[in-house]
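Shown below, as structure tokens, is a lone chain in the form predicted alone; questions about how it binds or moves come after it.
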């Protein structure tokens, strides 16, 4: 969220990426672990930087040649600094022999399926967005302000069999638990802790005459993080296929995770929307965050 509202909100940086670079956005938590051609190439680049221990995070901005020579590592999102470094490294590259050398295409020899999850055939993708509606203390800090107004984005995957149960007017238990565990989360300030199965105190969704109603209550054993919410939605079916799925969860959330600090004090209103993806957004192809390296566990 911070990068979208700072570094990549800078029109000159965006134009440079579009015209002078080949931009690549990845989830380094995958690539640093992948035992395949893609992972090997990423580790080749990242291993030249200061974060070369692949047992920990390697996040940051990298500039490299097509052959994998690292030109820059930076983990500062200040637009002025990033813009300056991009121009400096571009000029450095253009004056080097690498700019005039040809680079052989990388041949994919192996693909680590664990980190290359694909939507099951016949399944559905729902776009999921969350937003904290109120509760923050006023701030003049730019970065805190961005977090406080942020809207998150994730995808929910529905299997082919679950798709058909929805068509028949039933909400399968597997889907209800997936929604609760992996998508009724506050991910507006960073990567959230997902709920454990035993933390689902209540999850009840009904689908009647194309209308979804439901309630959910999630809580940790220590009751220091939870969510009590209602769900309302609409489902339209045409020729045995869902053509519309719109649902909103709105309720009271409390607490934060290790990487989602800065939550409002006490209980605060959190809204989460679920909308059928139509494939027009490149992000529609991204696997759900909760499936990272664990698709079987996510879809079970």
Partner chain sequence: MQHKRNTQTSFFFGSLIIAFAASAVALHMIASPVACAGDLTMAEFQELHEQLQVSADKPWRTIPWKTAMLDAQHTAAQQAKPIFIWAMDGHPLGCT
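Numbering follows the first chain given and starts at 1. The model shown is predicted, which means the values in this text are computed figures rather than measured ones.
One more form of this protein, predicted in complex with its partner chain, exists but is not displayed; see below.
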Is its partner chain in the predicted complex near all of 61, 105 and 289, within 4.5 Å of a heavy atom of each?
yes
Pick from 160 to 168, 218 to 226, 136 to 144, 83 to 91: which stretch has a heavy atom within 4.5 Å of its partner chain in the predicted complex?
83 to 91
Contact flag, residue 250 vs its partner chain in the predicted complex, heavy atom cut 4.5 Å
yes
So, in the predicted complex, is residue 256 in contact with its partner chain at a 4.5 angstroms heavy atom limit?
no
Contact with its partner chain in the predicted complex for residue 174, defined as at least one heavy atom pair within 4.5 Å: yes or no?
no
Closest heavy atom of residue 118 to its partner chain in the predicted complex, within 4.5 Å or not?
no
Heavy atom within 4.5 Å of its partner chain in the predicted complex: which residues of 144 to 181 meet that condition, in order?
151, 152, 153, 154
